[in-house]
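Take a look at this one chain, the form predicted on its own, written out in structure tokens.
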């Protein structure tokens, strides 16, 4: 039997392992650490027996306690739904005007509508509902189809130029590049720009006024402030979908872009659309 080697410096027995002349000291782990480690092993084995743990081909072991985080979540959601069922039923049975008149119901509908907005509408209109190029700002008071609660509801429910709903809002500006010459398009653009600022060519703007009256006033109004029955925007303010400089205005006159908003009633249901309408109306721009 070989004699045990003792390190001269520390007086500790070595393991017998030597690497390049370096010996490993045989310092055992503290007993409290070992017992803690053994307990964690026992605990982990017991945990995998009691709770869902081991993956199978199409599921996992369910555990002897039958616990399921999904089941717990389902119970919590069911409890929330039960708690708000009375208010949801009230929203369903109450007209939009009466919802606005009832402080508690309006607050509930606006809160639920905000949650639905973040999931379904923020991708286009932005998390703050400020819109972007081609998507309207829902915080201001400039509304293509009217900003009262009924008009907002109608737009959300049935959409704009949405083929999947027969009651959709529909308007389409003709491409005046096929009707007017390039010079005339620039003149109309100069006139429209002059309604909110100084045009680059006042003579062109003056000539564009007559062209506007003949070709555009029927939809946008003689004062160019728009007509909600046609979904025609106000051209006399500084709120624009596709740019407000003369070049952008001319491009829209020549070959206009037409956005599409889906109708949400078939997807979300009557109650959620009502809640969305109340929330959008509450942003400050609703009439």
Partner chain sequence: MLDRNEVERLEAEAVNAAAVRQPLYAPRKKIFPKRATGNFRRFKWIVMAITLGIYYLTPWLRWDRGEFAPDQAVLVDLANRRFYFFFIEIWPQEFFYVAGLLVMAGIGLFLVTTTVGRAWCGYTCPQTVWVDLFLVVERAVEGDRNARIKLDKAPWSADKLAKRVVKHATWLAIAVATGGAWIFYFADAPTLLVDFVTGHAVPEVYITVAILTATTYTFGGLMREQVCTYMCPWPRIQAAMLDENSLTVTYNDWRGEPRRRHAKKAAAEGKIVGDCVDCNACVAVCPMGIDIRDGQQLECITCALCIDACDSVMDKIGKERGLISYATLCDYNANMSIATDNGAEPISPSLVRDGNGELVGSIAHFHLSKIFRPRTFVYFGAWAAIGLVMLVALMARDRIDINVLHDRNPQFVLLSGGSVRNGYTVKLLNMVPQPRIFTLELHGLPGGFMSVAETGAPESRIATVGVEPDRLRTLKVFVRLPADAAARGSRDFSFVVKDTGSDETDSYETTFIAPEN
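In this text the structure is predicted, and so the values were computed from the model without any measurement. Take the two forms, superpose them, and find the largest set of C-alpha atoms that agree within 1.5 Å; that set is the rigid core. Residue numbers count along the first chain shown, from 1.
Heads up, the form predicted in complex with its partner chain isn't pictured, but that's what we're talking about next.
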- Could you confirm whether residue 106 comes within 4.5 Å of its partner chain in the predicted bound form, counting heavy atoms only? yes
- Determine whether any heavy atom of residue 70 comes within 4.5 Å of a heavy atom of its partner chain in the predicted bound form, and answer yes or no. no
- Give a yes/no on whether residue 215 approaches its partner chain to within 4.5 Å in the predicted bound form, heavy atoms considered. no
- Query: Is residue 124 one of the residues lying within 4.5 Å of its partner chain in the predicted bound form, judged by heavy atom distances?
  - Reply: no
- Item | Listed range touching its partner chain, judged in the predicted bound form by heavy atoms within 4.5 Å, from 156-164, 207-215, 181-189, 136-144 | 136-144
- Given that its partner chain is left out here, which of 88, 115, 196, 175 has a heavy atom within 4.5 Å of it in the predicted bound form? 196
- Note on the structure: Answer key, its partner chain contact in the predicted bound form at 4.5 Å (heavy atoms) among 260, 64, 238, 42: the residue is 238
- Taking only heavy atoms into account, state which residues of 30-49 are within 4.5 Å of its partner chain in the predicted bound form, ordered by sequence. 30, 31, 32, 34
- Task: Take the rigid core as the frame of reference and indicate whether the C-alpha of residue 24 shifts by 2 Å or more between the shown form and the other one.
- Result: yes
- Message: If I superpose the two forms on their rigid core, does the C-alpha of residue 260 end up displaced by 2 Å or more between the shown form and the other one?
- Response: no
- After a core superposition, would you say residue 227 shifts its C-alpha by at least 2 Å between the shown form and the other one? no
